[in-house]
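Quick heads-up: it's one chain on its own, the form predicted alone, in structure tokens.
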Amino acid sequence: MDNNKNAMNDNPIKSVDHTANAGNEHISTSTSLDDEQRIKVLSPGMLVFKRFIRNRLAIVGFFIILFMFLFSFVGGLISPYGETQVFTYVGTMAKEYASVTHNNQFRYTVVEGKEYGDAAHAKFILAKNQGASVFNHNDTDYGIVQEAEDFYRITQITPIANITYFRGIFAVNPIEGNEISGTLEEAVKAAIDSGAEQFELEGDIYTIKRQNRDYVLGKSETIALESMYIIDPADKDLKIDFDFKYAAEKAIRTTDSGSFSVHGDNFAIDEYNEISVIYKVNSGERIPYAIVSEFAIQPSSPEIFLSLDFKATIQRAITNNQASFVFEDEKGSTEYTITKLNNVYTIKTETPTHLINMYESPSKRHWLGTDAHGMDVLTRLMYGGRVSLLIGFIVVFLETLIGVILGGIAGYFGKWVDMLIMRIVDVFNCIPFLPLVMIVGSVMDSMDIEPQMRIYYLMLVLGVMSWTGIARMVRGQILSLREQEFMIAAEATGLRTSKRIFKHLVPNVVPQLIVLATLGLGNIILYESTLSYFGLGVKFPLASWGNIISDVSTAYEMTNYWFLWIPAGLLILLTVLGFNFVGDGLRDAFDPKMKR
């Protein structure tokens, strides 16, 4: 007895006045989680929370996900840069200033008011190559008069008489409205006897065309020139007409006088190798007027006008096979370089311009540098995280919604309804998921879908194709729950079928749904990143972690610009690990068999 009294006195737990606490439940003061009384006051949610926070990996995953959300959604708000903001700087760049083509094709100049087009020009080339002096186009005869080498005058032939010349009988029958002189008749007879197809008389050119045994006499009228020479005017408002070009080329090719006159003006010619500079002579003063050569010179921009001196300098440099030249004008001396590809010369010069700040290394201004488009990589990662995370959550919500509805209906009704829905699940499981999504991405490419709309279509396809696993899980759980006593009681109270499924059965499956959804988030983000990497997901200029990595397409970029792809890859890795850690932690926390 004395020992028992001492034991009671040594007990640190004091007695409780049951009268004062009448009606109240006894609460243990023990801090041990194994204490039966403490477990009784913990709600199921608190039990899950206690088990979850004891899992260190789950806590690590939770903080990883929290960081990703803050990085993506808050970081984009506080970033001083925009998602598509391009950074530039002023520098010098060798830009194309002009192009020069060494012309080896005939070009035509038409008399004002006459018709001569590309189709007739093609017929001329064919006739010239065949050595013919006459060709026909659209039932109209044309004559070819060679003025010099690679210089032809094109005439349009108008029939003026029908000629009979057979067995010594010679007769000329003028076509109505035309008169044939005796001199012309003799010239016609002489031309036929000599076999000539055309002849010149008193400054006019006549052609003879045979038709069966008779002949047709035609009179030619000049309508165009065919030449390889190109005439560039000194002034952009100066128009080079047919008369000037004909007189200038004829003077250059057929005379040694070095001068000619046209429209009452006098012109002088200075020749330098294959280049001829024409000056207008006015009261003894020589004014640069045009340059003639086989070089076609075009400025790179309509705002640029190339002076005659500049064109002459270019052509001299090309003729002398120079790789560069210096031209001095009112702005000072400028050096130009010449590059050749086939028969095209490109003239370039160093020009101040705004250059895109591409592949800048990490610095205080850009913590992770800039990409190939001159955009801040860190800011793109922030906005890319928004897209990747939103796609993950919306797709998981969509697949969960479809899976719960179809799985709940299949599990509750069973029989033919269950069989029908499960066969639909089998069909979806037989469809190759990744190839199908890649095909959908290719179709969107061919339809040129807007980048923003592609995101919605991508989420829809991923959600519709991913619900089968959740549907199977919900069906299996409801099959085991629908025969329990609480469901019999719910049925006895007369609750509608929809309430029995979605108010009493589905809530009992929520813990498993949370685990599946959490684990599935990581997979969806991986799918989105894979599709964007292959160019079938989120499109530029919108950012996602996948298409940020896809910009690194060469081994050179991968080895020299690590800051473009390693951060995005780490974010994907950490996010997927975080969701997997949290999913594993929730699975263990919801497991009722877990040791306490």
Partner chain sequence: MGKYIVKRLLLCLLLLFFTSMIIYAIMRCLPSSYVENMARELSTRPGSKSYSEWLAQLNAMYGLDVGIIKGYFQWFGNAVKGDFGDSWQFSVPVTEKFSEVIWDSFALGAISFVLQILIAIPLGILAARKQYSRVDYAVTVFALLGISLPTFFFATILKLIFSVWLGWFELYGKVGRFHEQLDAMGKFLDIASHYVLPVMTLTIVSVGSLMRYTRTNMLEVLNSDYIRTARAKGLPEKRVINYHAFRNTLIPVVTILGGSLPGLFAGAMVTETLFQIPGIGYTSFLAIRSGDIPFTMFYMTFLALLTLLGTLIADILYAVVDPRVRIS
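Positions refer to the first chain, counted from 1. If you're wondering where the values come from, they're calculated on a predicted model, not measured in any experiment.
Same protein, other form: the form predicted in complex with its partner chain, not shown, and the subject of what follows.
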### Query
Of the residues S300, T339, Q322, S442, which one places a heavy atom within 4.5 Å of its partner chain in the predicted bound form?
S442
### Query
its partner chain isn't shown here, but in the predicted bound form which of F540, F63, F534, F69 has a heavy atom within 4.5 Å of it?
F534
### Task
Pick the stretch from 170-178, 363-371, 430-438, 117-125 whose residues have a heavy atom within 4.5 Å of its partner chain in the predicted bound form.
430-438
### Query
Quick one: is L526 in contact with its partner chain in the predicted bound form, heavy atoms, 4.5 Å cut-off?
yes
### Query
Would M447 sit within 4.5 Å of its partner chain in the predicted bound form, counting heavy atoms only?
yes
### Query
Are any of the heavy atoms in I572 no more than 4.5 Å from a heavy atom of its partner chain in the predicted bound form?
yes
### Message
Taking its partner chain as it sits in the predicted bound form, is I59 in contact with it (heavy atom to heavy atom, 4.5 Å or less)?
### Response
no
### Query
What residues in 375-407 sit within 4.5 Å of its partner chain in the predicted bound form, counting heavy atoms only?
none
